[in-house]
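There is one chain below, alone, in structure tokens, taken in the form predicted alone.
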């Protein structure tokens, strides 16, 4: 550990969604173990939801790790909305608060920390925030932008000007030709870009966030990303010519299934007893993540496809997966049809389930954390992207890395196609190519994290460059 006076002190502000908080907590732990002081700022809403879900959380999610010697402080701040406001149901209002209101709360808390006399050197904030470079500049801090998605998605957003110029975005007659002009990206179909780039309207609150966030990110002193150099080599190399850009993923706990910091926003069901009775590789894990929604029609077809497949499965079915007003959206008699070979639960510890030997496949919405966790556990995927980066992630999983297949190959899910593709992935013979591919990807990820691996080296270089830049910034 560095001498206390030499320790870099970073204020860390994650984006207040489960899929962003999880890797942010792991990065905070990793940096603290490298001698950083971290002040982690969670929103009151996220903290409140986590506390309700995890009775042992208490007022400070890091108290246990602090006892082990890591210097992580914990502060909560308002995101601009009442704690009890349903952010998932009112997505646009939530995003508008993050766009227009949250910056004032974030700036105030940074100001309070600095005015308290603490020596702060840098601000680490999620790339999707629109304000970090301005706040960092105001308080004389270095700005580290933390990107929790793939390098491919980052570079598509970074090059919005090229997409506009070539007619692939923000135009009346959107071009459907391949996109073959983004530096470091092989030709990509418009359907494989993020949902926001495919929408005809580019004036929504989410578009405003993306536009402003990526203008802000261009002022970052460093960008660190939860991906692996060897998985996106050309894309990352091109980005590194424009920005100090470091791939340091996958950002997991050193013990993958052990979580000394509780971040889950829902109470978790323990599936281990049920899984222990199932043959290795026989169970399909089904989850659409912490935030995305399905239509009732989609859910019914997927449910009937699961029933038709005769495959054993665990389905994480959030009570609000369709809407908070439809807490029981499953088809009539579905539970009776799958009794004995399935369990349906509201939430679980995903890493613990994926790591269980009984799991043989993952039907996923293609959130980036889910993909990383699935590949780490050598579990091939059935892909059913719903929105945002998930369409681009699907391309990487299915077309580039070949560690999964599409759940459907047409616009609308049908139970027959769902059943057919579940059996294709889960059967021993037809599923083998995907199992073999995911074994190789796991090796790549492991090698990246080993001493001398790309992610380990990138982390070391990032810390070295940051420490070299701090004295210069403090002298300004």
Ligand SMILES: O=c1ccn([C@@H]2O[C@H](COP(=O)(O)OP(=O)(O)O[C@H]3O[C@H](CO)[C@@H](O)[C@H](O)[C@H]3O)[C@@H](O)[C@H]2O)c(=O)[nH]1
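Numbering follows the first chain given and starts at 1. These numbers were taken from a predicted model, which means no experiment stands behind them.
What follows is about the form predicted together with the ligand, which we do not show.
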For the chain seen here without its partner, which of 236-244, 141-149, 86-94, 302-310 has a heavy atom within 4.5 Å of the ligand in the predicted bound form? 141-149
Of 370, 127, 229, 193, which residue is found within 4.5 angstroms of the ligand in the predicted bound form when only non-hydrogen atoms are counted? 370
Should residue 387 be classed as touching the ligand in the predicted bound form when contacts are defined as heavy atoms within 4.5 Å? yes
Residue 392 versus the ligand, in the predicted bound form: is there a non-hydrogen atom within 4.5 Å? no
Even though the ligand is not shown here, does residue 19 get within 4.5 Å of it in the predicted bound form, heavy atoms only? yes
For residue 285, is any heavy atom within 4.5 Å of the ligand in the predicted bound form, or not? yes
